[in-house]
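Single chain ahead, written as structure tokens, the form predicted alone.
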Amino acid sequence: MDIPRIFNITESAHRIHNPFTPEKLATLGAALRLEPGTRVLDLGSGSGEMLCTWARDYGSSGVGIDMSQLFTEQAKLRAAELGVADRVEFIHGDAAGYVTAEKVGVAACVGATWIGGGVGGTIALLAKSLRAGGIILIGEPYWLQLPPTEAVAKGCRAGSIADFLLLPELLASFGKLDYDVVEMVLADQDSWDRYEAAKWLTMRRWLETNSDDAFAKEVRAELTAASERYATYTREYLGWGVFALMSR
């Protein structure tokens, strides 16, 4: 079980696999007013930066599940590096349908709502692991402005314009699911740049040392197109944020 190889390559040097900087991740943890001992579930935990740094900074604990074998191993190394391996656990596996045996104070899916078949299904899945009065975290893209054509939406790596909502509509959609939005932290252009542009150097370095790899042609094509596509489409049209929800 693993994610497509292109992601394991392009994001192999990332600690955070979404358009957040370490500062924004810390801002989110502070905004949630995490108390020592809070248990956190993270579906699609990537390289574990959220669980590990929150355990270090706020005294939380928890478990993360991710399909990438590489990212899961990186998460375990990060936990050891920060001295929190006794408080956070990382599982290589499919997070779809995963429910904790012990209820958690925060249940998160930050940028991988395909796990539950979309936002609504992911919220319903996370709710199964959440204690009464707990907080659900959803990381999700939204349109900064509606793309003028379906081709522009596809340039943002969306399937169609209908895949995402404008921010006010996204916030309203949580209310329709009977949840209050109690906090949010949004990516900005700088944090988007850091997420996307870091991939380009990673790809170039990979190509320099793996030129004979059968996958090199695909990586080269991605590197050639990535910067122009990002500046033309994603940077202009796509936002991203983490939204904290509590059941009404």
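The model shown is predicted, which means the values in this text are computed figures rather than measured ones. Numbers follow the displayed sequence, beginning with 1.
Below: the form predicted together with S-adenosyl-L-homocysteine (SAH), not depicted.
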Can you pick the one in D86, E102, E150, D94 that has a heavy atom within 4.5 Å of S-adenosyl-L-homocysteine (SAH) in the model of the complex?
D94
Only one of A158, L125, I136, A112 comes within 4.5 Å of S-adenosyl-L-homocysteine (SAH) in the model of the complex by heavy atoms, so just point that one out.
A112
If we define contact as a non-hydrogen atom of the residue within 4.5 angstroms of the partner, is M67 a contact of S-adenosyl-L-homocysteine (SAH) in the model of the complex?
yes
With the partner left out here, check for me: in the model of the complex, does some heavy atom of G29 sit within 4.5 Å of S-adenosyl-L-homocysteine (SAH)?
no
Spell out, yes or no, whether the shortest heavy atom distance between S45 and S-adenosyl-L-homocysteine (SAH) in the model of the complex is within 4.5 Å.
yes
Is it the case that H17, even though its partner is missing from this view, gets within 4.5 Å of S-adenosyl-L-homocysteine (SAH) in the model of the complex, heavy atoms only?
yes
In the model of the complex, which of the stretches 212-220, 199-207, 45-53, 181-189 has residues with heavy atoms within 4.5 Å of S-adenosyl-L-homocysteine (SAH)?
45-53
